[in-house]
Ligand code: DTR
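Only one chain is included here, represented as structure tokens and corresponding to the form predicted alone.
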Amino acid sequence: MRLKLGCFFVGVFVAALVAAALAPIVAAGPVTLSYANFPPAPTFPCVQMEQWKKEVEKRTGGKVAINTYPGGTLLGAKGMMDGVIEGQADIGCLCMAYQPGRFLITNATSLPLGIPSAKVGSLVLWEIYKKYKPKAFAKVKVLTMFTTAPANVMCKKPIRNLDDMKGTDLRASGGAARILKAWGANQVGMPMSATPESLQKGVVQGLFSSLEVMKDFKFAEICRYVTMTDTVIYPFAVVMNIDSWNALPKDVQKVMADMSVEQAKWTGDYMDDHVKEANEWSKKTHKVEFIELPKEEKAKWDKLLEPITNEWIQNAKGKGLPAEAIVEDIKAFTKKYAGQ
């Protein structure tokens, strides 16, 4: 009897040890990751962030939980890359146009080379990244890349020719300064979130950006004229802290890696559709006039931008990059994805 009782208590003790050992595993739950973004939640970089989060959580069967931080609540626009490298966030979304010298190769997609849409731009950007593997991304894992739709001029006054552009103060970021200068306008740098107040106070007369902001930021209430230039796109990247990436299970890594091109396409399609929606909303709700430049006038505007690409080539060559090849690749990938 004593032997049986002894065996019973030993069994209970062993079972308790096993349960105690398993308890932390059960309690640990899914891997939790932080994802920082800088624009407000309704804007397209944050919409794509929520889409990616939803798909990753679903496809990993609950192994991963992602907490998202839009609106610069965790990291700001210019500190995004370094913040992710330092581990302040596991994942971050950055606009490379804010640091043109740092992301020289991928920012070449924002040269005036005729990329016609966000979907085409996103796929071209990803191809350029894959082919050239820029050193700027050596300290992170790149999860995906995407671009805005082409930039156009939104203004309080109608701009129908180059004379109308002269001296106009327009909010713009990154390489747009060179573009606006070539057209005779003045670039004013500021966060997009500060632009509505600046428009109201007359600090700027308009802005140069992709047109989804006409609805997202309600710029259509103030900027009743849009001049269609379809000039350049702006590139974005979603990057992950390398230690956070290496700590993920292999099957989770595969899910994220397999989504790279898919997410670029999804974001491009969403952006292009959202621009169309914003344009229609602007016309219907605020009677915004969309100005199409006559062919000869548009050719004048485009001709003034040619030196920008030539100067980028000389600058990039001086830094040891195959500049002409990069530009030609952008043109070739654009034709490929635009179906030309």
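Here the structure is a predicted model, which is why all the values come from computation and not from measurement. One-based numbering along the sequence shown.
Form predicted together with the named molecule: not shown, discussed below.
Trainee: Within 4.5 Å, heavy atoms only, one stretch in 250-258, 198-206, 133-141, 212-220 touches the named molecule in the model of the complex. Which?
Mentor: Every other range fails; the passing one is 212-220.
Trainee: With the partner left out here, check for me: in the model of the complex, does some heavy atom of residue 39 sit within 4.5 Å of the named molecule?
Mentor: Residue 39: yes, in contact with the named molecule in the model of the complex.
Trainee: Does any heavy atom of residue 70 come within 4.5 Å of a heavy atom of the named molecule in the model of the complex?
Mentor: Answer no; every heavy atom of residue 70 is more than 4.5 Å from the named molecule in the model of the complex.
Trainee: Flag residue 98 as yes or no: does it have a non-hydrogen atom within 4.5 angstroms of any non-hydrogen atom of the named molecule in the model of the complex?
Mentor: Yes.
Trainee: Does any heavy atom of residue 240 come within 4.5 Å of a heavy atom of the named molecule in the model of the complex?
Mentor: It does not: once the named molecule is placed as it appears in the model of the complex, residue 240 has no heavy atom within 4.5 Å of it.
Trainee: Among 60, 43, 279, 34, which has at least one heavy atom within 4.5 Å of the named molecule in the model of the complex?
Mentor: Looking at 60, 43, 279, 34 one by one, just 43 meets the 4.5 Å heavy-atom criterion.
Trainee: With the named molecule left out of view, which of 180, 81, 192, 89 would have a heavy atom within 4.5 Å of it in the model of the complex?
Mentor: Of the listed residues, the single hit is 192.
Trainee: Thinking of 148, 171 and 236 as one candidate spot, does the named molecule come within 4.5 Å of a heavy atom in every one of them in the model of the complex?
Mentor: Result yes, every residue of the spot touches the named molecule.
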